[in-house]
Structures are given as structure tokens and as C-alpha cells.
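One chain comes next, on its own, written as C-alpha cells: the form predicted alone.
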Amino acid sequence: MMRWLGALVLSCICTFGAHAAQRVVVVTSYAQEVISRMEAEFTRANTDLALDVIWRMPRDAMPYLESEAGKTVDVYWAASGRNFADLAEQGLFAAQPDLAAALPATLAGFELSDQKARYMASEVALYGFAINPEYLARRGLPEPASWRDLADSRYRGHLLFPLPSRVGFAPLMIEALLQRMGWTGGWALLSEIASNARLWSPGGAFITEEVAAASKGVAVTIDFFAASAIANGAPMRFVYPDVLAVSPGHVGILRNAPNAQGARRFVAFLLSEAGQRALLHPDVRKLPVHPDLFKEADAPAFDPYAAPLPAGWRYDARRGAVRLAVDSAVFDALITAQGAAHARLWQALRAARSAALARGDAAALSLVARVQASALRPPIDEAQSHSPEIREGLGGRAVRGGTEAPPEASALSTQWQSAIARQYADAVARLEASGLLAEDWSSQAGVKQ
């Protein structure tokens, strides 16, 4: 596979010709360390070419590539699956079936490249837990190994969870859990995990910095962020959980690329052995797409291609793409907007469940389960989550990009939040009426916020 790609790079070089343009214009959102390393490796092997890099965050890249200025661009290279899907549907990419043919089709059930070869995976990132082992050991907490572990009340106050409506990498993670665990069960688990967490959003210390500084013991994040922090001496480990979620970075050649041949040479390099190996450089520390590189002596310790996967399961990228913004809005309605009411609900549920268990009362346990299911019911069902009317009703929340919330909530999201607030209040009232809660249940040890 690697030899084939190496030959393709040489083939592209030979067919490029002496009179072609000398610059390849690349729009990217990758960090400077990644860009510099790849540029150095590429230009070393392609001395007749130079990269003209235009740095744009995903929310800015879309309008740029759709504008007149975008007609000067040869390559789009970024970790923003929604952008690539939207641009492909607009017909802005030129299919490259020969380049895509050498790549794996899936990883952990996730489709890596576009099925029509309009854009290809250039690297992968996986979600998991950055942990501070010393922090956890001092508090007698086990290291979490699964998403279900994070729902354990022992982690309350020790966990950071990214806020999907404000953190670009979070919505895909949410959607992956929902697809694996089901719409209702997935939201129940996310709610319980969030009851233990402080919701993190950009503005202060980065999420891994808080774990490194022992502000919290566990943070849900992407492996790349943790790898970079660990390489810089942070006292952390990264745990890949039982349900893997994969976020590929992609690269695509614009349909009207002024330097189409140069663009092919650059993309072929990214997908070649040299380009993929450059991802493992200490300045980059990203995971390659090719399974071959995980089998070498200096490969990353975790091989995602060897991870077990339930038979027949596959992430539905098209279903996910249309509802990432809906997921963020539902998360805000169920969790973010409820604040203290969400914490109080889980205090009541846990206190009531503990009382029922202490009594050995099966009927009381059944009551708590019914109250919990009713309280955590999402504001829409799964069929509605795909509805164009719902996306339109969310206004700016459902515009492509998925995580750019408008300054004010839409009327629909406000309606959801009000309905959820009533569900939570009704649930707590039912538990109080059941006699399972002591008078001072909300301040008992072990159930404090």
C-alpha cells in the first residue's frame, strides 16, 4: 500500500511538467506545528513547488471557499467533516478515486473518506479521557475505562466535559454515543455523566491544562490534545474508552484549482508513507490513517484498527451530519440551560435510589426508574431529530458548522428548555412525595453539588 502511494507521488511529479505554476494554495485550520512540519517534508521532496498557506478556522473557511477568493485555492485541508460534506454537495471538490483507493474505508465503524472520493482522510483523532493518575489516587478514585464509568457518582466534581454548543470537537462525540447507545439511552447516560461534570468551554485554561494542573482528575477530550500535553511534561495519561468515536481530518482538491497538478502532488504526499510518517513526529503527534504504521516498533501504543467492535455496527455519517446542531441544542435543553435544576434532579434520583436499595424495596426501585425515564425524556424523539423543520426552528443553531450558537436562543430551544424544567420539577416532586427522600436529602453527604 505504502509502495503504491510512493509510486503515485513520483508519477505525479513526472507528469507535472516544467511549465506548471510553482505555488500550491492550501486553506487549512491546522496548527502551525503541523503546517510547518508537513510543508518542510513536502518541499524537501518537491523542490519545484512551494505552499501558499491560508489559515482559516472552519467557520471562516466555508464562506472563504465559496467566495471569489476561493477560486484561487487548490487544496482544502482541515479537521472539519461538516465543511467537507457541505462543500462536496455543492460540487466544489474534484473526485480523486485513485488517491482514495489506497486508504482504508472505515475505522472503528466510522467512514474515513467520502464514498465518491471527493475528499480523503489525511489523519485521524479519537475521543477519550485525559486523566491525572496522581489526582485520582489521592482521592481513592479508580481510573475510568468506559463511558459508563463516568456516570458513577464518585466522579462528581472531578470531571470536565466539553460543552457541545461551544466546543467544536464535541458534537461528533455526542452523536457517536447516541448512535451506539440509542437516542433515549444515550441521552440518559450523557445527562448522568454531565451531573458529575463541570461543562468546559473555551475562554480560560485549556481542558487538558486543567487536568495537568490537578484542577480536575478527568477530562473528556481528543487524543491529540492529550498527546501534545503529555509530550510537554503534563502528568497525564490518555484512556481510550469502550465506545470509540473517530474524527478524521480530511483533504480535498478544489474542482477549479488553478494548480490542479500541484494540488495532486501535495495530496498524494499527505497520503504517502512519508506524509503519514510525518504525523508521528514529536512536533505533530497525530494518528496516521494507514493501518501499516500502527504495526511498527515506533508506532503509537494504541492501535485503533485492532480495537474490538460490535459485529455489524457502523457509524452513519450522513445521519450524524444533519443532526449535529440538533444534538447540541438538545444537550443545552436537557443539561446546560437547567443548571442547578439538573444537579438537583440527580441528587434526588441518587438519594431515592440509595434509600430504596437500603430498604430492599423493589417497588420503590421501579418507581425511581420510571421517574428517571420520564424526567430525562428528550424534547424530541429520534425521528424528529432528522426533521428539516426542527433544524429550521433552531435558526442559527442548525446552520452548517453545527456548533456556532446564536447570541440568543431560538423560540424552539427556549420552548424545549421550559418543558424540560417542568419535567425536572415534576420528577423531584414525585420523589419527595414517595417518602424515599429525607427532609435534608439535598444536603446529605455524598449528594452535595
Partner chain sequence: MNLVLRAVAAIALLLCGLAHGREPSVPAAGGSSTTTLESREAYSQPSQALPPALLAGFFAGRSLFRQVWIIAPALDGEVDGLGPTFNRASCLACHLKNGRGGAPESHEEPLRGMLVRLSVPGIGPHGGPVPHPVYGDQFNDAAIPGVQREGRVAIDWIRHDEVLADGTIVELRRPVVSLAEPGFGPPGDDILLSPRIGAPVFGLGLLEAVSEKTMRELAARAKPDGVRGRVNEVWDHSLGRTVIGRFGWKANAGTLRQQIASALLGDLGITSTVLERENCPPAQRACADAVNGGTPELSEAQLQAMVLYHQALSVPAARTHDDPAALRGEQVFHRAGCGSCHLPQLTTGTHEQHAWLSHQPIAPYSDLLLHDMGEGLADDRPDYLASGREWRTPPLWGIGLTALISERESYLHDGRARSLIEAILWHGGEAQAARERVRALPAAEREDLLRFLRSL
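Numbering follows the first chain given and starts at 1. None of the values given here were measured: they were computed from a predicted structure.
The next section is about a form of this same protein that is not shown, the form predicted together with its partner chain.
Asker: So which of Pro142, Pro308, Gly204, Gly360 reaches within 4.5 angstroms of its partner chain in the predicted complex, heavy atom to heavy atom?
Answerer: Partner contact (heavy atom, 4.5 Å) among the options: Gly204.
Asker: Counting non-hydrogen atoms within 4.5 angstroms of its partner chain in the predicted complex, say which of Asp114, Glu210, Glu273, Glu192 makes the cut.
Answerer: Of the candidates Asp114, Glu210, Glu273, Glu192, Glu210 is the one lying within 4.5 Å of its partner chain in the predicted complex.
Asker: Among 345-353, 94-102, 78-86, 210-218, which stretch sits within 4.5 Å of its partner chain in the predicted complex, heavy atoms only?
Answerer: Stretch with heavy atoms near the partner: 210-218.
Asker: Please check if Ser146 has a heavy atom lying within 4.5 Å of any heavy atom of its partner chain in the predicted complex.
Answerer: Ser146: no contact with its partner chain in the predicted complex.
Asker: So, in the predicted complex, is Gln32 in contact with its partner chain at a 4.5 angstroms heavy atom limit?
Answerer: Judged by the heavy-atom cut-off of 4.5 Å, Gln32 is in contact with its partner chain in the predicted complex.
Asker: Report yes if any heavy atom of Ala411 sits within 4.5 Å of a heavy atom of its partner chain in the predicted complex; otherwise report no.
Answerer: Judged by the heavy-atom cut-off of 4.5 Å, Ala411 is well away from its partner chain in the predicted complex.
Asker: When the contact criterion is heavy atoms within 4.5 Å, does Asp60 count as touching its partner chain in the predicted complex?
Answerer: Flag for Asp60 set to yes.
Asker: Could you tell me if all three of Arg37, Thr43 and Thr47 have a heavy atom no more than 4.5 Å from its partner chain in the predicted complex?
Answerer: All three within 4.5 Å in the predicted complex.
Asker: Considering only 49-67, what residues come within 4.5 Å of its partner chain in the predicted complex, judged by heavy atoms?
Answerer: Residues within 4.5 Å: Asp52, Ile54, Trp55, Arg56, Met57, Arg59, Asp60, Tyr64.
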